[in-house]
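The chain below stands alone and is given in C-alpha coordinates; this is the form predicted on its own.
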Amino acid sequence: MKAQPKASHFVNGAYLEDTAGDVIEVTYPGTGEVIAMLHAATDAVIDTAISSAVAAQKSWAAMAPIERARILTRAVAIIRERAEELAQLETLDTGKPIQETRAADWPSGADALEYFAGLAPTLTGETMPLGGDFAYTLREPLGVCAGIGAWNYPSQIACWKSAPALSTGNAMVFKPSEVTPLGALKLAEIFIEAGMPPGIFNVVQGYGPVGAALSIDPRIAKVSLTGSVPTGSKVNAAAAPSMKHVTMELGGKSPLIVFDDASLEDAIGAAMLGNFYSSGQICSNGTRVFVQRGIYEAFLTRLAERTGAIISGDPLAEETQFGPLISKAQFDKVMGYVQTAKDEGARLICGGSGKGLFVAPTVFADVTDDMTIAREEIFGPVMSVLPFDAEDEALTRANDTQFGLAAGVFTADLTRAHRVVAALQAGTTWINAYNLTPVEMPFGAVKASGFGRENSRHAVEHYTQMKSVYVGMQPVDSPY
(Lines give C-alpha, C1' and ligand atoms only; values in the text may rest on other atoms or scores of the structure.)
Protein backbone atom coordinates (compact mmCIF):
# COMPACT_ATOMS: atom_id res chain seq x y z
CA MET A 1 0.00 0.00 0.00
CA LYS A 2 1.85 3.06 -1.28
CA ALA A 3 0.92 6.69 -1.90
CA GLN A 4 4.32 8.10 -2.78
CA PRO A 5 4.07 11.46 -4.58
CA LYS A 6 6.45 12.42 -7.37
CA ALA A 7 8.34 14.68 -4.97
CA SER A 8 7.93 16.31 -1.59
CA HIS A 9 7.02 19.84 -2.67
CA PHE A 10 5.04 21.51 -5.43
CA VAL A 11 6.55 24.84 -6.40
CA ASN A 12 6.09 27.11 -9.42
CA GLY A 13 3.85 24.65 -11.22
CA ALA A 14 5.91 21.48 -10.78
CA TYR A 15 7.08 18.94 -8.25
CA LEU A 16 10.33 19.82 -6.50
CA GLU A 17 12.63 17.69 -4.37
CA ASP A 18 15.51 18.50 -2.05
CA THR A 19 16.68 15.44 -0.15
CA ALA A 20 18.75 17.60 2.19
CA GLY A 21 15.61 18.26 4.20
CA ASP A 22 14.65 16.19 7.24
CA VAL A 23 12.87 12.93 6.43
CA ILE A 24 9.08 12.83 6.87
CA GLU A 25 7.58 9.35 7.15
CA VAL A 26 3.92 9.19 6.21
CA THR A 27 2.11 6.28 7.83
CA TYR A 28 -1.36 4.86 7.26
CA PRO A 29 -3.01 4.86 10.70
CA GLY A 30 -5.13 1.86 9.78
CA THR A 31 -2.11 -0.47 9.77
CA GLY A 32 0.90 1.63 10.75
CA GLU A 33 2.46 0.97 7.33
CA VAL A 34 4.76 3.64 5.89
CA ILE A 35 3.06 4.72 2.65
CA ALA A 36 5.34 7.60 1.61
CA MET A 37 8.70 9.18 2.40
CA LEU A 38 9.06 12.93 2.01
CA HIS A 39 11.59 15.59 2.96
CA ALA A 40 11.06 18.83 4.83
CA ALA A 41 11.63 22.01 2.87
CA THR A 42 15.12 23.44 3.05
CA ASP A 43 15.76 27.18 3.12
CA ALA A 44 16.32 27.01 -0.64
CA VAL A 45 12.94 25.36 -1.26
CA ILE A 46 11.16 27.90 0.95
CA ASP A 47 12.85 30.79 -0.82
CA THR A 48 11.96 29.39 -4.25
CA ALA A 49 8.35 28.92 -3.20
CA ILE A 50 7.97 32.44 -1.87
CA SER A 51 9.89 34.03 -4.74
CA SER A 52 7.80 32.29 -7.38
CA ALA A 53 4.61 33.31 -5.56
CA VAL A 54 5.72 36.94 -5.42
CA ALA A 55 6.58 36.88 -9.12
CA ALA A 56 3.26 35.33 -10.15
CA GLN A 57 0.88 37.17 -7.84
CA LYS A 58 0.73 40.58 -9.53
CA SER A 59 -0.43 39.27 -12.90
CA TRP A 60 -2.89 36.94 -11.14
CA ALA A 61 -4.33 39.90 -9.24
CA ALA A 62 -4.57 41.91 -12.47
CA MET A 63 -6.64 39.17 -14.10
CA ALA A 64 -10.37 39.80 -14.34
CA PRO A 65 -12.08 38.18 -11.34
CA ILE A 66 -14.30 36.13 -13.63
CA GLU A 67 -11.18 34.62 -15.25
CA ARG A 68 -9.82 33.57 -11.86
CA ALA A 69 -13.26 32.19 -11.06
CA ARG A 70 -13.31 30.05 -14.21
CA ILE A 71 -10.00 28.42 -13.23
CA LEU A 72 -11.25 27.66 -9.73
CA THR A 73 -14.50 26.28 -11.15
CA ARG A 74 -12.55 23.94 -13.42
CA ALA A 75 -10.63 22.75 -10.36
CA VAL A 76 -13.94 22.03 -8.62
CA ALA A 77 -15.05 19.89 -11.57
CA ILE A 78 -11.78 17.90 -11.47
CA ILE A 79 -12.13 17.29 -7.72
CA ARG A 80 -15.65 15.99 -8.15
CA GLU A 81 -14.69 13.82 -11.12
CA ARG A 82 -11.92 12.21 -9.05
CA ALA A 83 -13.94 11.99 -5.85
CA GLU A 84 -13.23 8.32 -5.16
CA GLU A 85 -9.50 8.54 -5.84
CA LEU A 86 -9.19 11.57 -3.57
CA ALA A 87 -11.27 9.98 -0.81
CA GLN A 88 -9.05 6.90 -0.88
CA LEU A 89 -5.94 9.07 -0.58
CA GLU A 90 -7.47 11.02 2.30
CA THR A 91 -8.23 7.81 4.16
CA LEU A 92 -4.66 6.58 3.69
CA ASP A 93 -3.32 9.92 4.87
CA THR A 94 -5.59 10.34 7.92
CA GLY A 95 -6.99 6.92 8.82
CA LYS A 96 -10.55 8.24 8.65
CA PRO A 97 -13.22 5.81 7.42
CA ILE A 98 -13.77 5.90 3.68
CA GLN A 99 -17.47 6.63 4.19
CA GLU A 100 -16.40 9.79 6.01
CA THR A 101 -13.79 11.01 3.53
CA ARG A 102 -16.24 10.47 0.67
CA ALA A 103 -18.80 12.70 2.38
CA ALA A 104 -16.89 15.38 4.24
CA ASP A 105 -13.30 16.14 3.33
CA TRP A 106 -12.73 16.87 -0.36
CA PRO A 107 -16.46 17.58 -0.93
CA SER A 108 -16.31 20.37 1.63
CA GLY A 109 -13.17 21.68 -0.02
CA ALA A 110 -14.83 21.67 -3.44
CA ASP A 111 -17.80 23.56 -2.00
CA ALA A 112 -15.46 26.26 -0.70
CA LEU A 113 -13.69 26.66 -4.04
CA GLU A 114 -17.03 26.83 -5.85
CA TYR A 115 -18.46 29.37 -3.41
CA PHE A 116 -15.53 31.77 -3.58
CA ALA A 117 -15.24 31.38 -7.35
CA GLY A 118 -18.81 32.64 -7.56
CA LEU A 119 -18.30 35.34 -4.98
CA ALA A 120 -15.12 36.96 -6.29
CA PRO A 121 -16.62 38.63 -9.40
CA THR A 122 -19.29 40.27 -7.24
CA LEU A 123 -16.86 42.05 -4.92
CA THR A 124 -17.04 45.77 -5.59
CA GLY A 125 -16.15 49.01 -3.88
CA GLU A 126 -18.34 51.91 -2.81
CA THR A 127 -18.66 55.56 -3.88
CA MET A 128 -19.24 58.42 -1.47
CA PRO A 129 -20.56 61.73 -2.88
CA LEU A 130 -18.92 64.66 -1.10
CA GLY A 131 -20.60 67.67 -2.70
CA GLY A 132 -18.67 68.00 -5.93
CA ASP A 133 -15.70 65.94 -4.85
CA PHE A 134 -16.22 62.24 -4.25
CA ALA A 135 -14.46 59.21 -2.86
CA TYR A 136 -14.44 55.54 -3.70
CA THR A 137 -12.99 52.35 -2.30
CA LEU A 138 -11.04 49.50 -3.83
CA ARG A 139 -10.70 46.03 -2.34
CA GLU A 140 -7.16 44.81 -3.01
CA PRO A 141 -5.44 41.46 -2.41
CA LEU A 142 -2.82 41.36 0.33
CA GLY A 143 -0.13 39.69 -1.81
CA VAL A 144 1.39 36.35 -0.84
CA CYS A 145 -0.35 34.49 1.98
CA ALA A 146 0.97 31.57 3.99
CA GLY A 147 -1.41 28.78 4.94
CA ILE A 148 -0.43 26.38 7.74
CA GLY A 149 -2.66 23.32 8.01
CA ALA A 150 -3.59 20.78 10.65
CA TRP A 151 -3.63 17.00 10.34
CA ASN A 152 -7.30 16.30 11.04
CA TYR A 153 -8.81 17.78 7.84
CA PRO A 154 -5.75 18.33 5.65
CA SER A 155 -7.34 18.65 2.21
CA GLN A 156 -10.40 20.52 3.40
CA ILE A 157 -8.19 23.03 5.21
CA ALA A 158 -6.03 23.52 2.11
CA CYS A 159 -9.17 24.35 0.14
CA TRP A 160 -10.76 26.47 2.87
CA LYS A 161 -7.65 28.65 3.03
CA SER A 162 -6.79 28.79 -0.67
CA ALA A 163 -10.33 29.48 -1.91
CA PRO A 164 -10.79 33.00 -0.50
CA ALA A 165 -7.11 33.80 -0.93
CA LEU A 166 -6.78 32.85 -4.59
CA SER A 167 -10.20 34.04 -5.69
CA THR A 168 -9.38 37.57 -4.54
CA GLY A 169 -6.03 37.73 -6.30
CA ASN A 170 -3.53 36.53 -3.70
CA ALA A 171 -0.95 33.78 -4.08
CA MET A 172 -0.48 31.18 -1.35
CA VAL A 173 2.38 29.11 0.00
CA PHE A 174 0.77 26.25 1.92
CA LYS A 175 2.45 24.06 4.51
CA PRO A 176 0.36 21.01 5.40
CA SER A 177 0.90 19.15 8.64
CA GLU A 178 3.91 16.86 8.43
CA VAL A 179 1.59 14.08 9.62
CA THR A 180 -0.82 14.36 6.66
CA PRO A 181 1.09 15.94 3.76
CA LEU A 182 -0.39 14.23 0.70
CA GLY A 183 -3.70 15.92 -0.10
CA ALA A 184 -2.30 19.43 -0.55
CA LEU A 185 0.06 18.15 -3.27
CA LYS A 186 -2.93 16.77 -5.18
CA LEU A 187 -4.70 20.12 -4.85
CA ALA A 188 -1.67 21.89 -6.30
CA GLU A 189 -1.66 19.44 -9.22
CA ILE A 190 -5.36 20.02 -9.82
CA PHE A 191 -4.98 23.80 -9.82
CA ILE A 192 -2.31 23.61 -12.53
CA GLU A 193 -4.43 21.20 -14.56
CA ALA A 194 -7.33 23.64 -14.26
CA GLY A 195 -5.21 26.41 -15.80
CA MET A 196 -3.86 28.26 -12.78
CA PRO A 197 -0.55 30.02 -13.48
CA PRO A 198 2.54 28.45 -11.87
CA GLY A 199 3.51 29.95 -8.53
CA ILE A 200 0.03 30.93 -7.39
CA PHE A 201 -0.40 27.90 -5.10
CA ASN A 202 2.79 26.33 -3.82
CA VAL A 203 3.11 23.49 -1.30
CA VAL A 204 6.11 23.08 0.98
CA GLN A 205 6.42 20.29 3.52
CA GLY A 206 8.00 20.40 6.92
CA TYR A 207 7.95 20.57 10.66
CA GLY A 208 7.67 23.62 12.92
CA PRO A 209 10.73 25.43 11.57
CA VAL A 210 9.18 25.60 8.08
CA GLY A 211 6.03 27.19 9.47
CA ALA A 212 8.19 29.58 11.47
CA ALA A 213 10.14 30.55 8.37
CA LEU A 214 6.92 31.41 6.54
CA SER A 215 5.65 33.38 9.53
CA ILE A 216 8.67 35.67 9.72
CA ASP A 217 9.47 36.15 6.03
CA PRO A 218 8.84 39.80 5.07
CA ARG A 219 7.50 38.78 1.66
CA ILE A 220 4.54 37.03 3.30
CA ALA A 221 1.64 39.42 3.90
CA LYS A 222 -0.64 37.10 5.87
CA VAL A 223 -0.51 33.87 7.85
CA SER A 224 -3.59 31.67 8.27
CA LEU A 225 -3.13 28.86 10.77
CA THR A 226 -5.28 25.94 11.83
CA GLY A 227 -3.75 24.28 14.87
CA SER A 228 -3.45 24.17 18.64
CA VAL A 229 -3.54 27.15 20.98
CA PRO A 230 0.20 26.84 21.85
CA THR A 231 1.12 26.71 18.16
CA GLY A 232 -1.14 29.67 17.46
CA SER A 233 0.56 31.73 20.14
CA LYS A 234 3.97 31.02 18.61
CA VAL A 235 2.89 31.80 15.04
CA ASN A 236 1.07 34.96 16.08
CA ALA A 237 4.16 36.17 17.96
CA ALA A 238 6.40 35.38 14.97
CA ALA A 239 4.12 37.29 12.59
CA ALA A 240 3.67 40.33 14.84
CA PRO A 241 7.00 42.17 14.28
CA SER A 242 6.30 42.51 10.55
CA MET A 243 2.64 43.45 11.18
CA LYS A 244 1.30 40.55 9.12
CA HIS A 245 -2.40 39.89 8.84
CA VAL A 246 -3.21 36.76 10.83
CA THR A 247 -6.13 34.33 11.03
CA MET A 248 -6.06 31.82 13.89
CA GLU A 249 -8.38 28.81 13.99
CA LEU A 250 -7.29 27.01 17.13
CA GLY A 251 -8.52 24.50 19.69
CA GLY A 252 -11.59 24.31 21.88
CA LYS A 253 -13.38 22.68 24.77
CA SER A 254 -16.84 23.43 23.52
CA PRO A 255 -20.07 23.04 25.48
CA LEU A 256 -23.24 21.36 24.23
CA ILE A 257 -26.22 22.16 26.48
CA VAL A 258 -29.17 19.77 26.40
CA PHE A 259 -32.38 20.90 28.12
CA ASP A 260 -34.94 18.41 29.35
CA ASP A 261 -37.49 19.37 26.68
CA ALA A 262 -35.09 18.52 23.83
CA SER A 263 -35.55 15.63 21.43
CA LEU A 264 -33.52 12.96 23.20
CA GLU A 265 -32.56 11.10 20.01
CA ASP A 266 -31.52 14.26 18.19
CA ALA A 267 -29.49 15.54 21.13
CA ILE A 268 -27.72 12.20 21.53
CA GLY A 269 -27.03 12.01 17.81
CA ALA A 270 -25.49 15.48 17.87
CA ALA A 271 -23.42 14.66 20.95
CA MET A 272 -22.08 11.57 19.21
CA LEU A 273 -21.25 13.53 16.05
CA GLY A 274 -19.61 16.15 18.23
CA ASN A 275 -17.37 13.62 19.98
CA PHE A 276 -16.87 10.51 17.82
CA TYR A 277 -16.83 11.73 14.19
CA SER A 278 -13.24 11.62 12.89
CA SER A 279 -12.49 9.65 16.07
CA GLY A 280 -13.00 12.84 18.04
CA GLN A 281 -10.21 14.71 16.26
CA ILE A 282 -12.17 17.88 15.48
CA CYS A 283 -11.38 21.26 17.01
CA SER A 284 -15.02 22.36 17.37
CA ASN A 285 -16.21 19.19 19.09
CA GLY A 286 -18.76 19.59 21.88
CA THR A 287 -16.76 17.61 24.40
CA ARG A 288 -18.54 19.01 27.47
CA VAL A 289 -22.14 17.82 27.21
CA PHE A 290 -24.29 19.51 29.87
CA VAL A 291 -27.55 17.56 30.33
CA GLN A 292 -30.42 18.84 32.45
CA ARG A 293 -31.00 16.59 35.41
CA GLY A 294 -34.56 15.61 34.44
CA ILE A 295 -33.32 13.56 31.46
CA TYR A 296 -29.77 12.91 32.65
CA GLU A 297 -29.95 9.15 33.31
CA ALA A 298 -32.20 8.50 30.28
CA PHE A 299 -29.67 10.38 28.14
CA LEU A 300 -26.79 8.26 29.44
CA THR A 301 -28.66 4.97 28.99
CA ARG A 302 -29.61 5.66 25.39
CA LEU A 303 -26.20 7.17 24.62
CA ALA A 304 -24.49 3.98 25.78
CA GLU A 305 -26.82 1.88 23.61
CA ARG A 306 -26.16 3.90 20.49
CA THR A 307 -22.43 4.17 21.14
CA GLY A 308 -22.23 0.40 21.51
CA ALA A 309 -23.56 0.00 17.97
CA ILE A 310 -20.77 2.01 16.33
CA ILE A 311 -18.82 -0.10 13.84
CA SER A 312 -15.06 0.35 14.11
CA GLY A 313 -12.45 -1.36 11.98
CA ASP A 314 -10.54 -1.12 8.70
CA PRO A 315 -10.91 2.48 7.48
CA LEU A 316 -11.09 1.30 3.86
CA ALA A 317 -13.99 -1.06 4.56
CA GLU A 318 -17.38 0.18 3.42
CA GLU A 319 -19.13 -0.59 6.71
CA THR A 320 -16.59 1.05 9.03
CA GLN A 321 -17.93 4.10 10.88
CA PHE A 322 -15.07 4.73 13.28
CA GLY A 323 -11.35 4.65 12.64
CA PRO A 324 -8.02 4.91 14.47
CA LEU A 325 -6.35 7.97 15.88
CA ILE A 326 -3.74 9.63 13.74
CA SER A 327 -0.60 8.45 15.55
CA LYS A 328 0.88 6.60 18.50
CA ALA A 329 1.61 9.91 20.20
CA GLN A 330 -2.04 10.93 19.93
CA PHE A 331 -3.16 7.50 21.14
CA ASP A 332 -0.94 7.75 24.20
CA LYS A 333 -2.19 11.26 24.93
CA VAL A 334 -5.87 10.26 24.73
CA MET A 335 -5.41 7.13 26.82
CA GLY A 336 -3.60 9.24 29.38
CA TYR A 337 -6.68 11.46 29.67
CA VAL A 338 -8.90 8.37 30.02
CA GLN A 339 -6.80 7.13 32.93
CA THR A 340 -6.79 10.57 34.54
CA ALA A 341 -10.59 10.70 34.32
CA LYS A 342 -10.84 7.37 36.10
CA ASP A 343 -8.36 8.50 38.74
CA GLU A 344 -10.29 11.72 39.36
CA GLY A 345 -13.56 9.87 39.91
CA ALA A 346 -15.52 10.25 36.69
CA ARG A 347 -18.03 7.43 36.06
CA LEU A 348 -17.16 5.39 32.96
CA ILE A 349 -20.32 4.66 30.99
CA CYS A 350 -18.75 2.94 27.97
CA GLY A 351 -15.43 2.62 26.15
CA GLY A 352 -12.28 3.52 27.98
CA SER A 353 -10.12 0.92 26.24
CA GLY A 354 -7.61 1.11 23.42
CA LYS A 355 -5.66 -1.17 21.10
CA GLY A 356 -3.28 -0.34 18.30
CA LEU A 357 -4.27 3.21 17.41
CA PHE A 358 -7.97 2.61 18.16
CA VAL A 359 -9.52 4.19 21.24
CA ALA A 360 -13.06 2.93 21.82
CA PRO A 361 -15.74 5.66 21.80
CA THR A 362 -15.70 6.67 25.46
CA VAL A 363 -18.31 8.37 27.67
CA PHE A 364 -17.70 9.61 31.20
CA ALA A 365 -20.60 10.72 33.39
CA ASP A 366 -20.74 12.72 36.62
CA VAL A 367 -17.88 14.85 35.35
CA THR A 368 -17.26 17.97 37.41
CA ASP A 369 -16.06 21.30 36.06
CA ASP A 370 -12.66 21.02 37.73
CA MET A 371 -11.77 17.61 36.31
CA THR A 372 -8.95 17.51 33.79
CA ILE A 373 -11.15 16.06 31.04
CA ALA A 374 -13.52 19.01 31.47
CA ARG A 375 -10.73 21.61 31.26
CA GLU A 376 -8.26 20.44 28.61
CA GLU A 377 -8.67 19.64 24.92
CA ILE A 378 -8.27 15.88 24.45
CA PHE A 379 -8.68 15.63 20.67
CA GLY A 380 -9.95 12.08 20.83
CA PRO A 381 -13.25 10.18 21.23
CA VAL A 382 -13.82 11.04 24.91
CA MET A 383 -17.15 12.64 25.89
CA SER A 384 -17.71 14.31 29.25
CA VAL A 385 -21.34 14.42 30.43
CA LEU A 386 -22.13 16.89 33.20
CA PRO A 387 -25.52 17.30 34.92
CA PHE A 388 -27.09 20.72 35.51
CA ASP A 389 -30.30 22.07 37.01
CA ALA A 390 -30.96 25.61 35.77
CA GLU A 391 -30.27 27.64 32.64
CA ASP A 392 -28.17 30.30 34.36
CA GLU A 393 -26.05 27.61 35.98
CA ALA A 394 -25.42 25.88 32.66
CA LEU A 395 -24.39 29.14 30.99
CA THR A 396 -22.00 30.12 33.76
CA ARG A 397 -20.33 26.73 33.70
CA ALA A 398 -20.27 26.51 29.89
CA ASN A 399 -18.48 29.86 29.63
CA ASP A 400 -15.96 29.06 32.36
CA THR A 401 -13.13 28.17 29.98
CA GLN A 402 -10.26 29.87 28.15
CA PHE A 403 -11.65 28.50 24.89
CA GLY A 404 -14.36 30.00 22.71
CA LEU A 405 -14.54 28.17 19.41
CA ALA A 406 -17.97 26.54 19.37
CA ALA A 407 -21.10 25.79 21.41
CA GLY A 408 -24.53 24.25 20.95
CA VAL A 409 -27.94 24.08 22.58
CA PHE A 410 -30.76 21.57 22.24
CA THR A 411 -34.25 22.60 23.34
CA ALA A 412 -37.80 22.72 22.02
CA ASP A 413 -38.14 26.28 23.41
CA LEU A 414 -36.78 28.48 20.63
CA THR A 415 -37.00 31.62 22.75
CA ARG A 416 -34.70 29.97 25.25
CA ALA A 417 -32.49 28.65 22.44
CA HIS A 418 -31.82 32.13 21.05
CA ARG A 419 -31.35 33.55 24.55
CA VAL A 420 -28.78 30.88 25.44
CA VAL A 421 -26.88 31.15 22.18
CA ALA A 422 -26.64 34.92 22.64
CA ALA A 423 -25.04 34.37 26.05
CA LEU A 424 -22.58 31.65 25.05
CA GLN A 425 -19.02 32.90 24.58
CA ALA A 426 -18.20 31.17 21.31
CA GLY A 427 -17.63 32.19 17.72
CA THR A 428 -19.62 29.39 16.08
CA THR A 429 -22.84 28.09 17.60
CA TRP A 430 -25.69 25.75 16.74
CA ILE A 431 -29.32 25.38 17.79
CA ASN A 432 -30.68 21.82 17.60
CA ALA A 433 -27.71 20.79 15.44
CA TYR A 434 -23.97 20.42 15.89
CA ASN A 435 -20.74 20.62 13.87
CA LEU A 436 -22.40 21.56 10.58
CA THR A 437 -20.08 24.02 8.81
CA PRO A 438 -21.48 25.01 5.40
CA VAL A 439 -19.26 27.33 3.40
CA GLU A 440 -21.98 29.98 3.42
CA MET A 441 -21.62 30.41 7.22
CA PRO A 442 -18.63 32.10 8.91
CA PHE A 443 -16.50 29.74 10.99
CA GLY A 444 -14.23 31.01 13.71
CA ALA A 445 -13.64 31.67 17.37
CA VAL A 446 -13.35 34.09 20.26
CA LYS A 447 -11.14 34.10 23.36
CA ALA A 448 -8.06 31.83 23.24
CA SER A 449 -9.52 29.74 20.40
CA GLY A 450 -8.49 32.32 17.85
CA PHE A 451 -9.66 35.18 15.68
CA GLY A 452 -10.59 35.88 12.09
CA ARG A 453 -13.15 33.93 10.12
CA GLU A 454 -13.03 31.22 7.49
CA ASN A 455 -15.78 30.60 4.95
CA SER A 456 -18.61 32.94 3.95
CA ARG A 457 -18.32 36.46 2.58
CA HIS A 458 -16.57 37.47 5.80
CA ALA A 459 -13.45 35.47 4.89
CA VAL A 460 -12.83 37.92 2.05
CA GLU A 461 -12.20 40.64 4.63
CA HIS A 462 -9.26 38.62 5.96
CA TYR A 463 -7.59 38.18 2.55
CA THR A 464 -8.05 41.69 1.20
CA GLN A 465 -7.44 45.25 2.29
CA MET A 466 -9.47 48.36 1.61
CA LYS A 467 -8.03 51.33 -0.25
CA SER A 468 -9.82 54.67 -0.04
CA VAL A 469 -9.52 57.11 -2.97
CA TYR A 470 -10.48 60.78 -2.63
CA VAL A 471 -11.14 62.49 -5.97
CA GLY A 472 -10.82 66.27 -5.97
CA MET A 473 -13.02 67.91 -8.62
CA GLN A 474 -12.52 71.55 -7.57
CA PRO A 475 -9.62 73.96 -7.08
CA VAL A 476 -7.57 73.23 -3.99
CA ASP A 477 -8.58 75.47 -1.08
CA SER A 478 -5.30 76.02 0.77
CA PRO A 479 -4.43 78.61 3.41
CA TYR A 480 -0.78 78.58 2.26
Ligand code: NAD
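Residue numbers run from 1 along the displayed sequence. A quick note: this is a predicted structure, and the numbers were derived from the prediction, not measured.
Just so it is clear, the following notes concern the form predicted together with ligand NAD, a form of the same protein that is not shown.
Peer 1: Let me know the one among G109, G323, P255, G149 whose heavy atoms come within 4.5 Å of ligand NAD in the predicted complex, would you?
Peer 2: Contact with ligand NAD in the predicted complex is made by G149 alone.
Peer 1: Just to be sure I understand the contacts: of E377, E100, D217, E114, which is the one whose heavy atoms reach within 4.5 angstroms of ligand NAD in the predicted complex?
Peer 2: By the 4.5 Å heavy-atom cutoff, the listed residue in contact is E377.
Peer 1: Please name which of the stretches 183 to 191, 313 to 321, 243 to 251, 137 to 145 has residues with heavy atoms lying within 4.5 Å of ligand NAD in the predicted complex.
Peer 2: Contact criterion met by 243 to 251 only.
Peer 1: So in the predicted complex, does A165 come within 4.5 Å of ligand NAD, heavy atom to heavy atom?
Peer 2: No, no contact at 4.5 Å.
Peer 1: Using heavy atoms and a 4.5 Å limit, would one call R80 a contact residue for ligand NAD in the predicted complex?
Peer 2: Output for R80 is no: heavy atoms all beyond 4.5 Å of ligand NAD.
Peer 1: Please check if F443 has a heavy atom lying within 4.5 Å of any heavy atom of ligand NAD in the predicted complex.
Peer 2: Yes, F443 sits close enough to ligand NAD in the predicted complex that at least one of its heavy atoms falls within 4.5 Å.
Peer 1: Report whether the minimum heavy atom distance between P361 and ligand NAD in the predicted complex is within 4.5 Å.
Peer 2: It does not: once ligand NAD is placed as it appears in the predicted complex, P361 has no heavy atom within 4.5 Å of it.
Peer 1: Pick out the residues of 227 to 249 whose heavy atoms come within 4.5 Å of ligand NAD in the predicted complex.
Peer 2: Sequence-ordered list: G227, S228, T231, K234, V235, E249.
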